[in-house]
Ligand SMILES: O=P(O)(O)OC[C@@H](O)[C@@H](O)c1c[nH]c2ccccc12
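Have a look below at one chain only, the form predicted alone, in structure tokens format.
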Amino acid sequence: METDTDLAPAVESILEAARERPGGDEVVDVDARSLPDAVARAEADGRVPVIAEVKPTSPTADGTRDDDPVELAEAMVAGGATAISVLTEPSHFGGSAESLTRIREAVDVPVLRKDFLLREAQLDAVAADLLLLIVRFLEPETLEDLVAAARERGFQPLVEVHDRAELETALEAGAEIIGVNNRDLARLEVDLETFESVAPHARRVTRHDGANGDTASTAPDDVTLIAESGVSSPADVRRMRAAGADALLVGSAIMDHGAGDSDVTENTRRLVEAEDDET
């Protein structure tokens, strides 16, 4: 786990707020829509599996979108989105648990809760199909406990990593859905080569036994691998897919915060159809 001094000031502020946020009043019980099944359906339909993100704003966005979150999510699904990601972090992203609940009731695709979760009680703030756990912010033992606690509630945990060491931590915690974030949370810089360098190891990570020198695979055969951040064009989609991405999580390129009236449906569709447009 990184210390706050290793992180960008905006991220430090996000974590400080996350530490203060309470959890839910009672343990949730979720009947989750399967993300791997949704990805398979998209592939069968000839669509690139895109997890489109409802993100009113962010520390790196050019502005804010005040559209109704449900209308945005429905527009994304109309554009072919495989799943929807919803920010529930209120202080820096303008999200809310209420928006997620409304969206999940309105759409029939899996919905990811995107937030900065640090302890078990915070899992119970709202029901979703998936929730995000970020390796960089959690001790390995805490991550393993949260993965197990999430599954006990019916959630599918999406475990986010940024490098090979974090990938191994995620796999050892039992992660089966892994997101590789192209954004470095220390500098907030984006580099698509991050996914390209980490992805080849996601399905063939080995663990070394110091006692006898033996190695054993720690990667499940059916891991679902998601490229996160920095995908802004059909060319980026093709690049990430060629590197092994089963799905892509895209926020800013679809929300287009700098152009408040940008067509979210069309923004989604051009990424979903990226492989059809390849020349």
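Owing to the predicted nature of the structure, the values given are computational and were not obtained by experimental measurement. Just count from 1 along the sequence shown to find any residue number.
Although not depicted, the form predicted together with this ligand is the subject of the following passage.
**Student:** Does this ligand come within 4.5 Å of any heavy atom of F93 in the predicted bound form?
**Tutor:** Yes.
**Student:** For S252, is any heavy atom within 4.5 Å of this ligand in the predicted bound form, or not?
**Tutor:** Close contact exists here: in the predicted bound form, S252 approaches this ligand to within 4.5 Å, heavy atoms only.
**Student:** How about I134: is it within 4.5 Å of this ligand in the predicted bound form, going by heavy atoms?
**Tutor:** Flag for I134 set to yes.
**Student:** Evaluate P234 for contact with this ligand in the predicted bound form, applying a 4.5 angstroms cut-off between non-hydrogen atoms, and reply yes or no.
**Tutor:** No, P234 stays farther than 4.5 Å from this ligand in the predicted bound form.
**Student:** Choose from 242-250, 27-35, 40-48, 66-74 the stretch whose residues reach within 4.5 Å of this ligand in the predicted bound form, heavy atoms counted.
**Tutor:** That would be 242-250.
**Student:** May I ask you to choose, among L146, A202, L87, I103, the residue with a heavy atom within 4.5 Å of this ligand in the predicted bound form?
**Tutor:** By the 4.5 Å heavy-atom cutoff, the listed residue in contact is L87.
**Student:** Considering only 102-122, what residues come within 4.5 Å of this ligand in the predicted bound form, judged by heavy atoms?
**Tutor:** Counting only heavy atoms within 4.5 Å of this ligand in the predicted bound form, the contacting residues of 102-122 are K114, F116.
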